[in-house]
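Given as structure tokens, the chain that follows is alone and in the form predicted alone.
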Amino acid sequence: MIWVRRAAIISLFVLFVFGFGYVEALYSIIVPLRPAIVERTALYVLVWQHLVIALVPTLAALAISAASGCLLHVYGNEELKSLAISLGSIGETFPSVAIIALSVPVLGYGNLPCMLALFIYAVLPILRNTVTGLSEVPRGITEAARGMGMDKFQMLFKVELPLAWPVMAAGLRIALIINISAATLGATVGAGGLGIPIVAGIRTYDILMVIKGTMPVLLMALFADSMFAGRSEKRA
């Protein structure tokens, strides 16, 4: 069933992005007085820009958070681990739009403020889940690995990380899905992506323009969620 769901999401996504002209034509029949809007960038280009803005910070956050979490697990004490978990919890509740606004005076307008904000927003939940996942590995398993002669890093890569991955993946899942949605906020500070038609639609009271930007974001978020859901079903 998971493959059917993924195929359906991909099909809808491709049909909407590359067949938006038909959607627009149908909408013009329903709303004949809709004002004409000149579009400077094709929808598939906006999708590509959006993916770069959302995925690059998330992957960078995954690399840094995983490395930092592993170092905390190997060398850190319980106080540092608790601090990392607390910061991760705070990071999930801090508004991403506030981070974007605070980044503009430093980085100026464009993609960078949005990408920095998404990076910061993704680092904390992934770091929290990395530390939590590694800490929850059963002590009996780690003792058995130590009894086999493994050092700390052999235990980490061969035993602990594979067992902790489901918890780490949950943090990545949260960060990725939220970043796909939050990347639309970048249009307010001059970034590219699918936030552009959404903001344009709001300014001109054009529902179709809002739908044009919203539907691909929704389908990408659903597809990302289905990828992680598929892994969960395999483990079950």
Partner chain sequence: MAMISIEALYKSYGKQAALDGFSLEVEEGELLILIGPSGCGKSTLLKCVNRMVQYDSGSIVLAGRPVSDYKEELLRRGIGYCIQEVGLFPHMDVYENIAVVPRLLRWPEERIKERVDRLLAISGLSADHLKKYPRQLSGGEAQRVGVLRALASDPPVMLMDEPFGAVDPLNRHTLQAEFLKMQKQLKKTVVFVTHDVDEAILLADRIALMEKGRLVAVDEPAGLEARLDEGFIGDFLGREYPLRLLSRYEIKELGLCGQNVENAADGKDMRIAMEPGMTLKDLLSGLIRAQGDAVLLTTPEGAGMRITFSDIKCLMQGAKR
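Quantities reported herein were computed from a predicted structural model and do not represent experimental measurements. Numbering follows the first chain given and starts at 1.
The following text describes the form predicted in complex with its partner chain, which does not appear among the structures shown.
Proximity of residue 136 to its partner chain in the predicted bound form: non-hydrogen atoms within 4.5 Å are absent; the residue sits far from the partner. The closest heavy atom approach of residue 95 to its partner chain in the predicted bound form falls outside 4.5 Å. Residue contact check for residue 144: one or more of its heavy atoms lie within 4.5 Å of its partner chain in the predicted bound form.
Shown alone here, residue 101 lies farther than 4.5 Å from its partner chain in the predicted bound form, counting heavy atoms only. Put simply, of 72, 120, 87, 163 only one has a heavy atom within 4.5 Å of its partner chain in the predicted bound form, and it is 163. Partner proximity in the predicted bound form, defined as non-hydrogen atoms within 4.5 angstroms of its partner chain, places exactly one of 73-81, 121-129, 149-157, 107-115 at the interface: 149-157.
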